[in-house]
Ligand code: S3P
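One chain comes next, on its own, written out as C-alpha cells in the form predicted on its own.
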Amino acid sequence: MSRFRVRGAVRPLVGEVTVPGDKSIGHRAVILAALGSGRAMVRGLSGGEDNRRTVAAFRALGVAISGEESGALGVEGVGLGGLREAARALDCGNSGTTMRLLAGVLVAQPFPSTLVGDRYLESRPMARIAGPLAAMGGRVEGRRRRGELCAPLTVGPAPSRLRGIEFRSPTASAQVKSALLLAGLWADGATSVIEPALSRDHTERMLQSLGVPLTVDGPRVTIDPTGWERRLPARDWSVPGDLSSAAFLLAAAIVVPGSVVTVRGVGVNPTRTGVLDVLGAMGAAITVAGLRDEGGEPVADLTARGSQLEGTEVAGELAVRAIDELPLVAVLAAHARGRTVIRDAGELRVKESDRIAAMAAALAAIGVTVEERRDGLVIEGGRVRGGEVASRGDHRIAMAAAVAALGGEGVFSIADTDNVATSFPGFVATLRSLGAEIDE
C-alpha cells in the first residue's frame, strides 16, 4: 500500500503543465469506437487504469484494439451486432464508469457477461442501473451487501429486443443516464431519462455527433431508434485534458501564496465547470484563455494564482456540476476565511468511497473544524496542520488531501494512495515539476 508524504509549501508553485485526457470522455470514446462500423482512432486517452479497464473489456468482447502504449488507440469497430461473449469475467478494477456503462451495452447482447471489480467497486451500489435496465426487459443480477445490490454483476442475455422506457432518475447521474442511453441503441421504441438537474452531457454530445436520433429538452434526454438504421459510423475521437485532474493543480496554486500555474488544453464542457464557478465565488484568481472546439467539446488553457479565499455555499445545480470536485472544494474551504456549506451532495456517499464521511475524517485529522451532514459538509476555515490522513482507497480524497497539505503547515502523511493512478497517472511527478515537496 503506497502513501504520500507532503510538506507544506515554503515557496510558490510555478509552471505550465498538461494533464491526462478526460477519462469520462475517454471511456465513451472507446465504447463508441468499438461499436462503430469500421476503424477509428482514439487520441489523448488518459493512460490511467480506469480507461485501461474499458479497453481491456472490449478486447475481451472481441474488439481488436492496438496502440495503447502510444496514447493513440486504433479500434476496429464491430458494429452494434458484433460483440462476442467473453471467455472470462470482465474486470472493471476501481472504475464505476466502466462497470455501469458496460452494463448498459451488455444488457442488450444475446450472451451473458460477468462484471467484477476491486473491493472498493464491489461495495458500491448498482441497483440504480439494475432497476431501470430491468424495466427495459434486461437482466442485471448481483449480490446483496448491507441490503444493496452490488457487484459481481451478471448482465444479459437480452430478450429478443429491449423495450424503451421513460425513467425519472431520483438523482442527477451521468453514469445512470449513459447506461440507459447506450441500452437504448438496441431498444424497441424511445428511451427517455429525466433528471432533477442536468448531469454531464458527454454521451449526448458524442451520440449526436454520430447521427444517433437523440434529443435534449431541458432535463429530458430521449433516444428514439425507430426508423434508424442502427449503425454507428466510424469516426476518430480526440480526448481533451481532464478538468477534474486540472482542478487539483489549480487548487494547489490557489492555496500557496505567490503561485502561478497554467494547465493547457483542458476540457471546459459547461456541465463540468461547476468547480470553476465555485472557485470564482470563493475569490480565486483564475483566467480562461484560448477557448476552442476540439471534437465537439470546448477546450481552453486555465491559469490560477495564489489567492485569499472566502467561504461560500455550494448547493443545488452547482453541486451537481461540481460533484466530483467537491472533496477539493472542501479542502479549499479549509483554507478560506469564514464558513463554507456544501449541501445537496448526497451522491458523494456512493462514489469510490463515502466521500462525505471520508472528507470529514480527513479534515478533522489535519486540524480543521468540520461538521458532517447527511448530504454535505459545513467547514470552518482556519489553520491546517500536519497529520495522518486515510484516503480510504479513493483517488480524489488522496489528491485533495495532498492539496490541503501544500497550503498547510508541517508534514502530512496520506495513506492508501494506489488508486491515484486510476485517474491521474503522474500526479506526484507533475506537482514536483511545479515545485511541490511530495514523495510517494
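We number the residues from 1 along the sequence you see. Keep in mind it's a predicted model, so treat the numbers as computed, not measured.
Form predicted in complex with shikimate-3-phosphate (S3P): not shown, discussed below.
This chain appears without its partner; in the predicted bound form, the one residue of T262, N269, T222, Q175 with a heavy atom within 4.5 Å of shikimate-3-phosphate (S3P) is Q175.
Checking R235, R305, K351, R205 for any heavy atom within 4.5 Å of shikimate-3-phosphate (S3P) in the predicted bound form turns up a single hit: K351. When contacts are judged by a 4.5 Å heavy atom cut-off, S24 counts as touching shikimate-3-phosphate (S3P) in the predicted bound form. When shikimate-3-phosphate (S3P) is considered in the predicted bound form, S192 lies well away from it, no heavy atom lying within 4.5 Å. shikimate-3-phosphate (S3P) in the predicted bound form comes within 4.5 Å of a heavy atom belonging to T97. At least one heavy atom of R200 is located within 4.5 Å of shikimate-3-phosphate (S3P) in the predicted bound form. Look at 283-291, 253-261, 337-345, 318-326: in the predicted bound form, residues with non-hydrogen atoms within 4.5 angstroms of shikimate-3-phosphate (S3P) sit in 318-326. Residues are counted as partner-facing when one of their heavy atoms sits within 4.5 Å of shikimate-3-phosphate (S3P) in the predicted bound form; in 114-134 only R128 qualifies.
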